[in-house]
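First come two forms of one protein chain, each written alone as structure tokens, so that there is a structure 1 and a structure 2.
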Structure 1
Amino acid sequence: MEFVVFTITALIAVVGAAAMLLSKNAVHSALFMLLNFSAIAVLYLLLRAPFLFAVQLIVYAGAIIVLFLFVVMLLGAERAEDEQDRLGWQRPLALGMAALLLFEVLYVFFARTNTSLTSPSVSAEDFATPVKIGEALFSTYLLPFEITSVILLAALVGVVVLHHRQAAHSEQ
């Protein structure tokens, strides 16, 4: 039962990701990305992590892609631009790096397939409850957690500063 659900969900996730890359229209891309994120949320559920399932849906599906859609719709930027792609040289580089990553994933999968996923500490019933995750975030991983929040704050301040400069320019 679990295996069937996993296979279907994984297929949907992969198809969603591929279709997101291949579709010409930015809104279609965003919708395929939504499909991909939802499938990943179901995968979390299969891993007995309902908290991550909910957070994945709330944060990625419910907020981030809505913002993508909002910006694309507001700017009317859904069609691919006609002018020459100036970042064309990055494409082979990206393909090479993706191949490297895929190789790494396959290596880890085949070399360690008997250990990591089924070890007792991971498959404990309550390893992904909200309480456990909260404890981990605020004790073991406190420093990375706080640094992440500072980085996000820096991004926010940066937006305000840039916008302020622009406003000052237009006044002159």
Structure 2
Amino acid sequence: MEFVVFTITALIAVVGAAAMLLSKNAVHSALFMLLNFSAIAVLYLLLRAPFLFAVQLIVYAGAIIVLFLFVVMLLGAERAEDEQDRLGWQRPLALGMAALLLFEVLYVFFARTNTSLTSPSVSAEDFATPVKIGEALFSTYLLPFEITSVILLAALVGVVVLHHRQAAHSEQ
């Protein structure tokens, strides 16, 4: 049963990522990214990593999506979009996928499975604990962590600079 939940969640994550890339509306792209982040959180729960599940939901699905939507609203990208909803089937599909994802989260969270058959040789108590994650992040992966933060900062500054240039050209 765990394989079925994994397969469905993985498909939701892939479909959400593809829809995020193909969507022409910036707000819809951010919402598809939220769907993708939520599906990845369920995958962390399947890996028996509740701390990563919580961090994925709080940091990425919460704070990062709010930041993206704030930048989109600040730049006014949602007003440039077509007001007509040509794809009316998206709302029922989105509600169905959200219900399926909620069912999967509840199933994974409340299901009692035998971990001795599927657990790797690493102790389940040591896997994905906050201490182990912190040790790995700030020792082994410190340079990629810092590079990622600089790239995200540069992208945010680049968006603001491009918007100011575009605003200056449109006023002339």
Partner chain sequence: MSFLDIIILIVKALVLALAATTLFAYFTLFERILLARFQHRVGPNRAGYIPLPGGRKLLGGFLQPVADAVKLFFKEDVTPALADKWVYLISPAFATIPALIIWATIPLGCWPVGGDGALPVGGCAPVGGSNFLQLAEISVGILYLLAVTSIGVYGIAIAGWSSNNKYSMLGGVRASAQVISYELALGLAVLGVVMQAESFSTAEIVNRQWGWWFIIPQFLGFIIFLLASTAEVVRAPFDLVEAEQELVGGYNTEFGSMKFALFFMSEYIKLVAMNAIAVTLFLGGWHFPGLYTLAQFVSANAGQWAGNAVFGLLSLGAFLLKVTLLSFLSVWIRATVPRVRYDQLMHLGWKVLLPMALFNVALTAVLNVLIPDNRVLSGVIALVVGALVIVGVAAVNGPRKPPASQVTLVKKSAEVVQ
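We call the rigid core whatever largest set of C-alpha positions still superposes within 1.5 Å between the two forms. Computed from a predicted structure; not experimentally measured. Counting starts at 1 with the first residue of structure 1 and goes up one by one along its sequence.
Here, the chain labelled structure 1 is taken from the form predicted in complex with the partner chain.
Once both forms are fitted on their core, a CA shift of 2 Å or more is seen for Ser149 between structure 1 and structure 2.
For Val160, the Cα coordinates differ by 2 angstroms or more between structure 1 and structure 2 after the core has been superposed. Annotation for Ala26: C-alpha shift under 2 angstroms between structure 1 and structure 2, rigid core superposed. The two forms, fitted on their core, place the C-alpha of Met97 30.5 Å apart, compared between structure 1 and structure 2. A C-alpha shift of 3.6 Å is found for Ile133 between structure 1 and structure 2, based on superposition of the rigid core.
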